[in-house]
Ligand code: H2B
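As structure tokens, one chain now follows by itself in the form predicted on its own.
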């Protein structure tokens, strides 16, 4: 099982993500972000690319897609909170967007 981020590691890893639009979720120990694309095809294509990386990490996002908008929430269910897996997947999502 993956360990949740301690306070020092959390600050170190999450601050750069906050600068790119990620934010803490109000209800859970999770981060969230809204990704906007030019159209549905771009949004769905991005989701497909992310899905391949998520599968390799064995770490899957909670997300929803409406037309060109993708809402993402990341948290590690096994750890009941944020872990380095969430940070790694968030960085990958940003890079692919």
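Numbering follows the first chain given and starts at 1. Since this is a predicted model, take the numbers as computed values, not measurements.
What follows is about the form predicted in complex with the ligand, which we do not show.
Asks: So the ligand isn't shown here. In the model of the complex, which residue out of 48, 64, 58, 39 has a non-hydrogen atom within 4.5 Å of it?
Replies: Partner contact (heavy atom, 4.5 Å) among the options: 58.
Asks: Just checking whether residue 15 would be counted as a contact of the ligand in the model of the complex - the rule being heavy atoms within 4.5 angstroms.
Replies: Contact check for residue 15: no, nothing within 4.5 Å of the ligand in the model of the complex.
Asks: Listed by sequence position, which residues of 58-89 have a non-hydrogen atom within 4.5 angstroms of the ligand in the model of the complex?
Replies: If the 4.5 Å heavy-atom criterion is applied to the ligand in the model of the complex, 58-89 yields 58, 59, 60, 75, 76, 77, 78.
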